[in-house]
Structures are given as C-alpha cells and as structure tokens.
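In the block that follows, a single chain appears as structure tokens, in the form predicted on its own.
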C-alpha cells in the first residue's frame, strides 16, 4: 500500500476490539500515529514493539490532528476547561461521537459529590453512556460523580484479586469499581450516600448482568455497625476525605485483607503515619495520576494486620 508504514500489530476479533484498545492504551503501547485496520475478519492494532505482537503489517498514518480545545471525554460528552461556546461547537463538529459539550461551573462539592455544568454545545443533557473494557455505564454527571481516568486502575485492582473474594466499595458512585471487580468476586457490597448515584448504580448492575453486586444506600461511616467484619478487599476511592472513614474500614476488613486507600497528596508517603495507626501489615504506595502541579492522586494498598 502506498503512503503506509510497516509496524508491529496485535490482532483481535471485532467483538473484543474495544477491550483490547483500552488495554493497549492503558499499557501505553498502542502506536497512536497509525490507524488500526481490518484484515479479513480481524482488527489489527499497531503497537510500539514486538513483545506480545501477532506480527507486522502496513498501516496508514493518522491525519494530522486538529488543534482542538483541551477537554476530557466521558462517553458522548466532552468536558471543556474553558467556557467558550464557539470552541465548543468546533469540538462538537470535529468529534462525530459527541452529542454534548459541557463546562463545569463548580468543583466537586457537597456530601453527594456533584458538580454544576453549563451546556456549551449540542444536546441539553448531562447524561450519557460510557463504555470501559467491555462494560457499559449510564452516567449523569450532574447528579453523581464519575471519572473515566481510573479505568486502568480498576483493571489493575481486578488483576490483584483471588477467586471468591468478598469486596466492599465504600464510595461506589454509579458502580464502576464494583461492577469491574464483580467478575472476580464472590460478592460485592457497593455503598454510596447519594440516592441518585445508587439509582444509577442499580441500572448499571442490570445493564452489565452482574448478579453478585449488592447496592447499598448508606453513610460509609455507619456501615461498621451494620455489616460484619468479613471483607477480603475494601475500596476507599474518596481522595479528598477518605481519612475520616479509615477506622470504619479497618473494622470491616478481615485479618489479612486489603484496603485500597486513595488520597490526593503533595508528597510521597504523606499518608503513611495515618495508615500505620490501623495496621502493622505491609503497605505499598502507587501514584495513580497527576492531579495538579502541586498534587497527585495516590493509592495505598494496605494489608490489615
């Protein structure tokens, strides 16, 4: 083929294409300068090296990307960093998969963790459907917090699990962690204090046919007085204020179980003294992503002893 470049590739059946694409993106080995292509009944994804590759093939380069305004994608919605309707309409025209462009008028606020938005272009809605590693989620950004940036982190935690674990997600939102981990768990209790989030979570449990996820409308701080200390793994993804619920989580986690404690912090190890107050077990710290020039989103994998 003319105008092409030879590169390593990984082949997949069409039904598994989106799952593989997100996996390659998460591992940062997808060659994003080249366009995936069909070969018979398979989809070929260009990758940066030979490890795990199916073979080599010719690929067409992507056209030069249009200089679009900075934005974050959540399903068919783009969240713009600037309040510019003209740029929002340009973004909507450039991305055929979008139906709405929003501008966040507020940070995440209140006990329900919601934000206020202005519609800059497209449909007047804050609701969309989002796909992640083959799972589907109905999301309403105005009534329940959701972050697509933790997709790879959810798969990382799933990969750490043993068979038949009992899992508790203390701040479950619309259910992305709970539903992702359910495939490896005996049961997942998914709690949130926000009624709208729990309602959407129940829809997403049915949408993904997860029969072992139990949605719970509750204040996470009260669960230790209701549920037994039976959980093998507890998710604490409330980065700004997880610390206030750590004692309750420790009372719910069995001896030898694991708490995944997420936090926004300025320095490595910033939350170690707090965690050492509840366990003498092993603690492993990982950086999930940058949050701002001064802070990063970290997770501590905490063994309860």
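Numbering follows the first chain given and starts at 1. No experiment lies behind these values; they were computed from the predicted model shown.
Only in words, not in the display: the form predicted together with a small molecule, which the text now covers.
Counting only non-hydrogen atoms and a 4.5 Å threshold, tell me whether 177, 219 and 245 all contact the small molecule in the predicted bound form.
Yes, because 177, 219 and 245 each have a heavy atom that approaches the small molecule to within 4.5 Å in the predicted bound form.
Answer with one of 117, 145, 130, 133: the residue that has a non-hydrogen atom within 4.5 Å of the small molecule in the predicted bound form.
Checked against the cut-off, the match is 145.
Identify, from the list 189, 231, 171, 137, the residue with a heavy atom within 4.5 Å of the small molecule in the predicted bound form.
Of the candidates 189, 231, 171, 137, 171 is the one lying within 4.5 Å of the small molecule in the predicted bound form.
Though only this chain appears here, would residue 69 touch the small molecule in the predicted bound form if you measure heavy atom gaps against 4.5 Å?
The answer is no: residue 69 has no heavy atom within 4.5 Å of the small molecule.
Residue-level contact is defined here as any heavy atom of the residue lying within 4.5 Å of the small molecule in the predicted bound form; does residue 57 satisfy this criterion?
It does not: once the small molecule is placed as it appears in the predicted bound form, residue 57 has no heavy atom within 4.5 Å of it.
Is there a non-hydrogen atom of residue 74 within 4.5 angstroms of a non-hydrogen atom of the small molecule in the predicted bound form?
Residue 74: no, not in contact with the small molecule in the predicted bound form.
Applying a 4.5 Å heavy atom distance criterion, does residue 193 contact the small molecule in the predicted bound form?
Yes, contact at 4.5 Å.
Using a 4.5 Å heavy atom cut-off, indicate which stretch of 45-53, 269-277, 234-242, 248-256 touches the small molecule in the predicted bound form.
It is the stretch 234-242.
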